[in-house]
Every structure is written in structure tokens, then in C-alpha cells.
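Just the one chain here, the form predicted on its own, laid out as C-alpha cells.
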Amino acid sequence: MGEFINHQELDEETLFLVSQTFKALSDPTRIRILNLLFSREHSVNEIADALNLRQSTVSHQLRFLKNLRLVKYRREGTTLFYSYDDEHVMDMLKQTIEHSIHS
């Protein structure tokens, strides 16, 4: 099987961050947003249009993902462009999607 980190008791901060990451990945809207960001960065409006969501919904979800450092943004004028910020989480999401498709 895969290699594991030496077993050790997890501190409270690590437990919280792990649980928040799984919480982020448990929401269908956030999964759709992250899946869209696999290809390239997108503005809030582009995400809303591509996923047929309200801009306020997208902004709310991006704020949640940004607080967990799963997405980042860059500003161009008044427009924010979002991209993913954690290769490990994106790899996990990709593997989970592939697993689900093959099930």
C-alpha cells in the first residue's frame, strides 16, 4: 500500500484544518468550482456563468475556499481572477472524481 507518515497524535490545529478541508470538499458547489479551476484561472463572473450560479453564491464559496488556502486570486483592474492554490488537495479531488467515475 501507500506510504504513510509515521503515526503520531495530531494536534488540535491539524485536526481542525484536515476536517475543514474535507468539509470544503463535501459541498457540491465547491467541488464544481474547484473542478472548473483545474483548467485555468477564472473570474467570479466567468465561474458564475460557466456553472449557472449567482455571483453572490460564487463569491461566498470562493471566500470559504480562500480562507482554507485552497484557492488564490490575482487582481487585474477591478476584476479578481481565481485559481487553485493547493496541488495536494487538487490531486485528492482529481483522484476522487476518477474513483467515482470508475465505480
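These figures come from a predicted structure and were not determined experimentally. Don't overthink the numbering: it's just position in the shown sequence, from 1.
Although not depicted, the form predicted together with another copy of the chain is the subject of the following passage.
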Judged by heavy atoms and a 4.5 Å cut-off, are S26, H88 and T96 together in contact with another copy of the chain in the model of the complex?
-> yes
Does M92 reach another copy of the chain in the model of the complex if we count a contact as any heavy atom within 4.5 Å?
-> yes
Does another copy of the chain come within 4.5 Å of any heavy atom of T21 in the model of the complex?
-> yes
State yes or no: in the model of the complex, is some non-hydrogen atom of L17 no more than 4.5 angstroms from a non-hydrogen atom of another copy of the chain?
-> yes
Mark N35 yes when one of its heavy atoms lies within 4.5 Å of a heavy atom of another copy of the chain in the model of the complex, and no otherwise.
-> yes
